[in-house]
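Just one chain follows, in the form predicted alone, and it is written as structure tokens.
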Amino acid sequence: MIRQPQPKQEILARRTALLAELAPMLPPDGLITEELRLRPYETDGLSAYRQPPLAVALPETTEQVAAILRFCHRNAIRVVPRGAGTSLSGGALPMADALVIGLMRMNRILSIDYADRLAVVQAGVTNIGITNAVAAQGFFYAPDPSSQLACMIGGNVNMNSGGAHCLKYGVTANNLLGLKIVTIEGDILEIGGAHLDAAGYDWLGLLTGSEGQLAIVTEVTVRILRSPEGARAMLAAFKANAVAGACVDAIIASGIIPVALEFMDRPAIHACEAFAHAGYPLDAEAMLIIEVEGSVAEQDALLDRIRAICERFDPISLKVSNSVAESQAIWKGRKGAFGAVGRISPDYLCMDGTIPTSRLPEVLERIGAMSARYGLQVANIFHAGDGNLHPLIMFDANDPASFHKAETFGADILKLCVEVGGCLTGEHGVGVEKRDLMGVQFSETDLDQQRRIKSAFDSRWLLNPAKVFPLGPLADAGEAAVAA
């Protein structure tokens, strides 16, 4: 039976009644309904797409999140979890009939155990906030996305975020011990904990990177590590992108695992140097930032070996930082790269695909050819050591044709990543950006199994709707469940 659309007056009356029932579950200022105050929540880091939500709830405890989800499940209200809104794939993009649950007020560090090297934090604690809390005792939290000053640990779990140092220390999944989650029915579950392994199915592995599709994360138990004795960065400049890519492959193939191995091309080098004044080589077509850590003797030995490898590729220059200040300047440029590119283009799409490092030279050459074909400039800035590409495609958001070309160009890059043996995403997630490309990597049988897992956790498909899975007959079945 096809439902007839409700008159607008009836919809507004139901909305008013539902929000009036929801408000007492939150602190006095914990429900946002005014149009102007909803504007900051209408988009995330993928700002080309915008949609104001039904309302925004700002809980402060796990119990409040549970009460909200019970209410939403009972009333078939869609829910979009949100941290700092730094998602670059549209992962926190709301829908007009969805309630955004913002977790930014859940920002307390609950406990730190230095003996067992772990910390328990609420989902709204920033990534850098964990390291800041333990640094005085000589510890740090390893994953370090470029947005670490703002992004929150709950969002890092949802997207399985990485960062420049994931080459040595791994991504979020490699640094988690436990989660506290709330299901769409409002049940509170604890997964894992202070122990190093858990019996039964790997629920922690399933939930990490699930993009808010299965449950809402409210608390996270993370590993903290002893800070290294010291670290130094090297800049290696080359005449061509493909040459720098070949050098990356040679370093990794040698068995050396630097703590970080980052790639920047000419547009990125110039934009970042204008911002950070780090001494980047402006005559280079490509540059690598290579960081090693350990004792002074370990640093010297590793840098000598890496220098010898770089010299095989006829570098324009090789420079090793000689002070903490020089290293900080080098990383200031890299960490601020996405913002710095705004100096040369007000609008860009940041792609996120992963490839085998042995295919870097080929892929960089083909991206360059695509750039010429589409007539759109690209700034390549990425985690080269693990093959996680971040091409920034520059376009004019005021020109619909330019935006369409940028989207098509980005899709071609991601298809290329899959073609050479990689995947659609490394750390940004699928969200809405890559949703309709999932069929490039996965068969319909693969996608069906993933949808079955989604349905097992969320049979009415209320959690983070219209994300991850291609829209089509099976997705429509989820929509029908909401309407039922």
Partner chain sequence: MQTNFTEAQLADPDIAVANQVLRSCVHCGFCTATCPTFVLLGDELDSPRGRIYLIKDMLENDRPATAEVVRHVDRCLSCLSCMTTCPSGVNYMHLVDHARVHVERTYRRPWHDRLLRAVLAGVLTRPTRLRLALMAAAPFRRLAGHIPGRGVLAARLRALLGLAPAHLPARGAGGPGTYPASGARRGRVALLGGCAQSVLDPGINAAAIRLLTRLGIEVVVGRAPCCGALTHHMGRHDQAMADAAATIAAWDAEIGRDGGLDAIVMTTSGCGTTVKDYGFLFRNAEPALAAAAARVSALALDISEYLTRIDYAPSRPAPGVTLAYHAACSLQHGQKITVEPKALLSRAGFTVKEPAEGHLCCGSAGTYNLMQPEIAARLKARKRAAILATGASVIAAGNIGCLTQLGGDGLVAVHSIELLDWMAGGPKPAALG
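Residue numbers count along the first chain shown, from 1. None of these values were measured; they are calculated from a predicted model.
The protein also exists as the form predicted in complex with its partner chain; that form is not presented, and the subsequent description refers to it.
Not one of L207, M438 and P470 places a heavy atom within 4.5 Å of its partner chain in the predicted bound form.
Figure note: of the listed segments 182-190, 362-370, 328-336, 158-166, the one touching its partner chain in the predicted bound form, with heavy atoms no more than 4.5 Å away, is 328-336. R105 belongs to the set of residues with a heavy atom inside 4.5 Å of its partner chain in the predicted bound form. Within this chain, P346 lines the site of its partner chain in the predicted bound form, having a heavy atom no more than 4.5 Å away. Interface membership of Y41, defined by any non-hydrogen atom within 4.5 Å of its partner chain in the predicted bound form, is confirmed.
Put simply, A384 is far from its partner chain in the predicted bound form: not one heavy atom of it is within 4.5 Å. For the residues D396, E298, D314, E229, the 4.5 Å heavy atom test against its partner chain in the predicted bound form is passed only by D396. Checked against its partner chain in the predicted bound form, the candidates N380, T218, N388, S147 yield a single residue with a heavy atom inside 4.5 Å, and that residue is S147. Contacts to its partner chain in the predicted bound form (heavy atom within 4.5 Å) from stretch 25-55: D29, I32, E34, L36, R37, R39, P40, Y41, E42, T43, D44, G45, S47, R50.
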